[in-house]
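Presented as C-alpha cells, the chain that follows is alone, the form predicted alone.
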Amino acid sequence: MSKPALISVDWGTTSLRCTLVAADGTILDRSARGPGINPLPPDGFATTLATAIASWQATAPVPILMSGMIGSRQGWAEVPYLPCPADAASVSAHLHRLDAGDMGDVFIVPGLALTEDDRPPEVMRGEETQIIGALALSSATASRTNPAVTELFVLPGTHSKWATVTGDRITSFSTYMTGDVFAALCHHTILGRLMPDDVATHDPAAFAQGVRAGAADGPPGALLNRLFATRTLGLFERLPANSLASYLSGLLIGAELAAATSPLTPEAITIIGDAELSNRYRSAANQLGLPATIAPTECVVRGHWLIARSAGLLKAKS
C-alpha cells in the first residue's frame, strides 16, 4: 500500500479541501470539507487545519502544501506574488514556509501577478496551481513543444481567470468579474425583479440566445445597453420569468468569451472548474466556434504534487 507523502490543501474564501497524497501522486484519502478563510479569525487558521488533518498526522507528519486565498492579506500569511512568466519550477522555488508547530513542514504556494505599464495589475491565488496540474494531466494530448501555439485556460467563477500558456509556462492572464456581476444584477438591480427567487434553473435555449447577444459586435459599452434586454424580454413575454437568469448568464459569458479570445485565435481552450459551470462555458464556446475542452478532475492535487516534487518535498514516511 502506498505511504503518505504530502497533504494537499486548497483553501479559498468559502471552503477548505484537504487531500492525502502518496509520493507517486496517488490520492489516498480526502478529509471532510472545512470552512473557508472568510469566517475565521486571524488566529483560527492553524487550529482549523490541524482539526481537518488530525487523523493523517497522528503517526508521522508529512509536508503540507496550501494554495488559494490562504496566502492573501486576509489569510494565514500574506505571501508575495510571483511575477509572470511562471511554471512549476519557479513557483516551487518561492514557497512560503510557515511556523506551524506540531504540524511540521507547512508551505503556501505564491500567487501570480502581472504588472505592465500599459495596463492595470492582474493577480491570482490558487488558479496557478490548478493550471500547473491541468497542464500535466492533459500533457498527453496537448502540443507544447511549439512556442507558436497559443493555449488558453479559463477558470470560470466569481472572478473568471483567463491564462495564456506557452510550453509549460503561464505567460499572461486577465480577470473577468462575470460571476460577481451576475449575482449583483440578479439580486440587487431591477433586472432581477421579474426573476423567481431561485435563479438556479437553467434554460439552454435562453442561455444560447444570451451568448449570441453578448458576443455580438458592437462599440465599447454595448453590453450596458444589452443588459437591459433581460428586463424587456420578460416584460414583453418574449422569455418566461424562469428563463431570464439563463439569458443573463449567457449574455455575460458570451461577452467574456468574445473579449478574452480577441484578437487571439487559440488552438485550444481548456476549462477548469466545477462540472456545471464548466459545461456552460464549453457550450458557449462551442456555440461561438471556439475549441474548448474541460480539464480532468483533481487539477489542484496534481498541481500541488508537481510543485512539491520540484521543491524536493516528497519523501514517503514509513
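Residue positions are given as counts along the sequence shown, with the first one as 1. These numbers come from a predicted model, not from an experiment.
The next section is about a form of this same protein that is not shown, the form predicted together with a further copy of the same chain.
*Asks:* Only one of 233, 100, 136, 77 comes within 4.5 Å of a further copy of the same chain in the model of the complex by heavy atoms, so just point that one out.
*Replies:* For this set of options, the contacting one is 233.
*Asks:* Pick from 169, 202, 226, 96: which has a non-hydrogen atom within 4.5 Å of a further copy of the same chain in the model of the complex?
*Replies:* Answer to the contact question: 226.
*Asks:* State yes or no: in the model of the complex, is some non-hydrogen atom of residue 212 no more than 4.5 angstroms from a non-hydrogen atom of a further copy of the same chain?
*Replies:* Contact check for residue 212: no, nothing within 4.5 Å of a further copy of the same chain in the model of the complex.
*Asks:* In the model of the complex, is there a heavy atom of a further copy of the same chain that lies within 4.5 Å of any heavy atom of residue 196, even though the partner is absent here?
*Replies:* Result no; residue 196 lies far from a further copy of the same chain in the model of the complex.
*Asks:* Would residue 265 count as touching a further copy of the same chain in the model of the complex under a 4.5 Å heavy atom rule?
*Replies:* Although a further copy of the same chain is absent here, residue 265 would stay clear of it in the model of the complex, with no heavy atoms inside 4.5 Å.
*Asks:* Using a 4.5 angstroms cut-off on non-hydrogen atoms, would residue 105 count as touching a further copy of the same chain in the model of the complex?
*Replies:* The answer is no: residue 105 has no heavy atom within 4.5 Å of a further copy of the same chain.
*Asks:* Though the partner is not shown here, which residues of 97-136 have a heavy atom within 4.5 Å of a further copy of the same chain in the model of the complex?
*Replies:* Contacting residues: 113, 115, 116, 117, 119, 120, 121, 122, 123.
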